[in-house]
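First comes one chain, alone, set out as structure tokens in the form predicted alone.
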Amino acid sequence: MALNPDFIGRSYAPEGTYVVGREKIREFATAIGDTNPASHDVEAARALGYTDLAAPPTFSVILSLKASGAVVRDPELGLDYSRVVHGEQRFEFTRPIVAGDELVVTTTIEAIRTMAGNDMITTRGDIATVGGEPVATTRALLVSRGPEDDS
């Protein structure tokens, strides 16, 4: 089933907030093999000019994946999540994410197209503090594999 192109430009409001914790930053950094002291030691992070532990750049995928659930769950869009593969991910930062940040994500569908029988949807996640300060923008390309030819 083709995705509804009328959804291009549709935005989904934040579904709650995400409070960035020191242990979450440490756990994420350890999981990806990031040994940067700014992500593990508060004093080292402060000596480097951060207010607290600084998250690795890809940490923002945690927020954007959760927020993109609103898109995936929207029955009017026509996305069959069982056929979805992740195509690509990009990050742009206004400032680093640090422990103590309370963040929200607004997700917008930027593009929908069909290529080689597959539907492709690009989403943008605008990450900001609860006070409205922009922090980062993520973009993800999801590919919904077309039906297999049974002939």
Partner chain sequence: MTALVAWADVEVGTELPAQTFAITRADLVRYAGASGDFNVIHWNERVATEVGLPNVIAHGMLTMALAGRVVTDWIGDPGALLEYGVRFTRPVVVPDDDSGATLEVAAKVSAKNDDGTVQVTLTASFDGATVLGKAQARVRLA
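Residue numbers count along the first chain shown, from 1. Treat the numbers as computed from the prediction; the structure is a model and nothing was measured.
The discussion below concerns the form predicted in complex with its partner chain, not included here.
Residue among Ile62, Ala111, Val42, Ala70 with a heavy atom within 4.5 Å of its partner chain in the predicted bound form: Answer to the contact question: Ile62.
Interface membership of Asp126, its partner chain in the predicted bound form, 4.5 Å heavy atom rule: The answer is no: Asp126 has no heavy atom within 4.5 Å of its partner chain.
Contact label in the predicted bound form: Gly100 to its partner chain, heavy atom within 4.5 Å: Answer no; every heavy atom of Gly100 is more than 4.5 Å from its partner chain in the predicted bound form.
Contact label in the predicted bound form: Asn36 to its partner chain, heavy atom within 4.5 Å: Within the cut-off, so yes.
Non-hydrogen atom contact Ala55 with its partner chain in the predicted bound form at 4.5 angstroms: Looking in the predicted bound form, residue contacts with its partner chain include Ala55, since a heavy atom lies within 4.5 Å.
Sequence-ordered list of residues in 97-112 near its partner chain in the predicted bound form, where near means a heavy atom within 4.5 Å: Nothing in this stretch is in contact.
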